[in-house]
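Shown here is one chain on its own, the form predicted on its own, set out as structure tokens.
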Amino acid sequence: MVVVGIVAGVALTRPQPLPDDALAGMTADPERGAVIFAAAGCAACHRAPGVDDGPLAGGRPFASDFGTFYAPNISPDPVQGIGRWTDVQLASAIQRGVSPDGGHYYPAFPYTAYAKASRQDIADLIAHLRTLPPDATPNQPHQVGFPFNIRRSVGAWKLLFANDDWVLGGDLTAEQERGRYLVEALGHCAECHTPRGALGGLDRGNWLAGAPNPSGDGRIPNITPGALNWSIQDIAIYLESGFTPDFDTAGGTMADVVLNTAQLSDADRTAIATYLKAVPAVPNPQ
């Protein structure tokens, strides 16, 4: 029985990349991919720390309870970046968290959100990434101790927490559905705004209700209607300009987010706001 259990565990936790024909028949549009790139916030994580505009050389640190993770180089450099990866290998990394050599990526990379994205959007995103300048900056190794440095254990984590179902269900309008797609899939807003359990999985019962800042500096705010009383127009304006209704401005990592959402259409920013007004209200703790 022990042997059977081990074999079953190995089978269940193995990396599962996309099939070789996952992108077959698709015509990718790099210009449309630039919009997906902005909506997905790729530059905010993968540009070097302190660089507002430049190649996706990686190196930005992300502190967590499990160690410090460093964003990798995803420029088209053939050695340090993604230049030699096939499109399907890239799509498998983005949507399945599987590396080209068949290993698990840590979920500091929000592939559990990107798994909900359409395959066409992923193809367009990849086409855009191919147009960006290469950079030969070496990747930095993650600083993760035992037992979290056992990559196979990420397979068990995926079994527990990786799913592609939507959090906000029910009878939604087309605008709410678009907002849901932008927030839950491409924008992966919950990665910062939703608290996590002991194993690092998102607490879906407190969706977007705020969370401790992994850096230890303050708290990431609750953006459900239980705490955020801004109008749809207020939210849309903030996502374009960074100005709050009280004429404060976005700071910290949210300033990077606004740089991305400002590149979306007015309709998409309004859709995001409409979605945020529709999620279940969670009050701030007293």
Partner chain sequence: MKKRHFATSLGLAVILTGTAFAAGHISEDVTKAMEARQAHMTLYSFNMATLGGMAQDRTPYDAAAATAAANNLAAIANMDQSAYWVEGSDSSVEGSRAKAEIWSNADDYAEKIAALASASTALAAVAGNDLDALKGAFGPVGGSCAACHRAYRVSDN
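Residue numbers count along the first chain shown, from 1. This is a predicted model, so every value here is computed, not measured.
Although not depicted, the form predicted in complex with the partner chain is the subject of the following passage.
Proximity to the partner chain in the model of the complex holds for all of D217, F243 and M254, with the criterion being a heavy atom within 4.5 Å.
Proximity of F69 to the partner chain in the model of the complex falls outside the 4.5 Å heavy atom cutoff.
Although the partner is absent here, D29 sits far enough away that none of its heavy atoms falls within 4.5 Å of the partner chain in the model of the complex. At a distance threshold of 4.5 angstroms between non-hydrogen atoms, P61 is out of contact with the partner chain in the model of the complex. At least one heavy atom of P221 is located within 4.5 Å of the partner chain in the model of the complex.
Residues of just one listed stretch (209 to 217, 138 to 146, 120 to 128, 158 to 166) have heavy atoms within 4.5 Å of the partner chain in the model of the complex: 209 to 217. Along 232 to 249, these residues reach a heavy atom to within 4.5 Å of the partner chain in the model of the complex: Q233, D234, I237, Y238, S241, F243, D246, F247, D248, T249.
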